[in-house]
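A single chain comes next, written as structure tokens; it is the form predicted on its own.
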């Protein structure tokens, strides 16, 4: 048997998609934070996670250009070698201040942040307790630690309590992991209850705010702020690739041990650090997220408009207006057809298929941002409604 034989299954999966291949969509040219040329057609972007429209923010672009001209194209090394610049330290200090925490650590990607934090925190003999809907990077990181890995029912503090109780003394060596805003379904974690249960058993809590930092909360600090648990969660991780419009990841904490992660977190130790331009643009975006709360107010109104429109189409949506909404289709074939029809209509959304979805559902995932307009939201709803009507005809 060859090492390449395993790709027979991958090839079969690809061929099962037929002529439609969502993984090969090419953005030919960006027109704005909300529009691009795809397949030679101007397309409304409603699946990019550009929640605050920061990718085309002039001040963030200018900051990146300035850093590029002064500090060069890259760091050429890890943070442990030659890859820590003064700008990295400043970004960490600004992130810590943003959350009101004493400690912060910056990683090259959000995926690396999750892997790196888990690698430092848990190992053989410890346990990880994951929400069943947690992101793939959290499941990957948990498996890589060689700790005992368990899951509890999505957003169910009572089930978490029962699972931790069964661990007995090991519960005190357990890291509970949840997301703030779940990236597929757009629902929020009941963090106050989860935090209370976690600490009752002597465990620690990590909250992944990748999709909620900058977006949720009066100050943009995510669901930890909304739920009033900023002072009690143990670790908050996040990414810069959503609301910040750049790339990278971070962890903030009230525990001084975060400063020691650089000596025992291999994803941190052996990955080249973020480029100077990326760090500069991220710092500029952070200032805007901190100083311009009206962006979140505008986004919240657009989210409410989207959810209202989806309800008028007879679709089931969340009560809390978040920038993520999902439409479930009865089969993967219908989901693929709907996704392709929308793209032909000049609307780009995400398609998510089993087995990588909650409940093995076939989903269209919609996401909007503060740079969208009411007209954009109405266009999305109108074209989605027409596509769904055609499918059901």
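Positions refer to the first chain, counted from 1. Treat the numbers as computed from the prediction; the structure is a model and nothing was measured.
FYI, the form predicted together with a small molecule isn't displayed, but the following is about it.
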Listed range touching the small molecule, judged in the predicted complex by heavy atoms within 4.5 Å, from 235 to 243, 161 to 169, 144 to 152, 291 to 299: 235 to 243
Candidate site 111, 114 and 135: all three near the small molecule in the predicted complex by heavy atom within 4.5 Å: yes
In the predicted complex, the residue from 265, 253, 271, 183 that sits within 4.5 Å of the small molecule by heavy atoms: 183
Selected contact from 210, 105, 189, 303, since only one has a non-hydrogen atom within 4.5 angstroms of the small molecule in the predicted complex: 210
Contact test in the predicted complex: residue 248 vs the small molecule, heavy atoms, 4.5 Å: yes
